[in-house]
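Here's a solo chain for you in structure tokens, the form predicted on its own.
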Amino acid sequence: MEPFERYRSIIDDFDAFLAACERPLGNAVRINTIKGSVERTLEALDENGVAYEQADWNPRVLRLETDSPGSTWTSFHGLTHGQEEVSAVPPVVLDPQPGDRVWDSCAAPGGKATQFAALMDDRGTVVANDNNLGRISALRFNAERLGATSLAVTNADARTYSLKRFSFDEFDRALVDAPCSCEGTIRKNPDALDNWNEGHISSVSGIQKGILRRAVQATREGGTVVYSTCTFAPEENEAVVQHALDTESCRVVDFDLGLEHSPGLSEWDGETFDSSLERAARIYPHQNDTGGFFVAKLEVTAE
């Protein structure tokens, strides 16, 4: 937990934060409404004796009282998908509509991409991209198991992504759920900090900046881009969004979130950020008994 000391000044109730980070994370699933309604899924869980608790902020998110959420009847039949609770936040913030063209730039293993498809009633186009060929099989498997027929899978570097393969030349919405140092997964992966160092944060932030810039470029004027990570490092969060503000035509906008959270930072380690970064959300483990996450919502503006 020593690396987290660098965040003591920005986290309220730091001791509660550390205590939460040391507690194992419970199991959560998302109800897949492509295969069945919320009511039908809850009935199936009841019939199979699986206890659950619906999340206050999202009726499609359940905390399951089982050690193997992937082995339940509902999972086997595609009614539920194992997904950490905070991982379901970015698609809700992006708010895709039926008929939209949506780009998930770093999509594997597919939890958020298939959530987009469900939110869109499986109507429209969800382009689920990942640059890691080894993870594409999991992405395809989940798309098929969950019945997401509106989903297309691509394998490319998101920083130089080309739309020439499509019949359209821009997206309505895009998600950059960026590869990161994964500090916020400490409750799920106790070894998340084993190889932590500031050099890695610096190198991965360069990748993040490139992907977010491409997402803004590939999204139509008036469209929406959501940037998210499962880490606490401002170098990977506010600093990356600031880079997009400095280099591309976009602005940070407000969004409603039913989870307790802290605002984004306007300053870190001598670096100042645009005051609009306070519209971003920092979700800490002790606030909702979840993992850690950062989410910012951008609107693409005229050049």
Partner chain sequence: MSDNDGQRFDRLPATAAERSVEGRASREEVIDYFEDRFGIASETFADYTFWEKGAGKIWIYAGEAPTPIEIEAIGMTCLRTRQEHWKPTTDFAQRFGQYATDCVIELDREQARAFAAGEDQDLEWWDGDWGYLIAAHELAGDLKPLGIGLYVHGELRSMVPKGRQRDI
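Numbering follows the first chain given and starts at 1. Worth saying up front: this structure is predicted, and the values here are computed from it rather than measured.
What comes next is about the form predicted together with the partner chain, which does not appear here.
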- Among 212 to 220, 85 to 93, 146 to 154, 189 to 197, the stretch whose residues bring a heavy atom within 4.5 Å of the partner chain in the predicted bound form is 146 to 154
- Look at the candidate spot formed by R101, L133 and I136 and say whether the partner chain comes within 4.5 Å of a heavy atom in all three of them in the predicted bound form. yes
- Message: Taking the partner chain as it sits in the predicted bound form, is T72 near enough to touch it, meaning that at least one heavy atom pair lies within 4.5 angstroms?
- Response: yes
- Does T125 make contact with the partner chain in the predicted bound form, using a 4.5 Å heavy atom cut-off? yes
- 4.5 Å heavy atom contact, H243 to the partner chain in the predicted bound form: no
- Heavy atom to heavy atom, is A44 within 4.5 Å of the partner chain in the predicted bound form? yes
- Message: Using a 4.5 Å heavy atom cut-off, which residue among K35, R63, R60, H261 comes into contact with the partner chain in the predicted bound form?
- Response: K35
- Just one of S249, T272, Q54, N48 has a heavy atom within 4.5 angstroms of the partner chain in the predicted bound form, so which one? N48
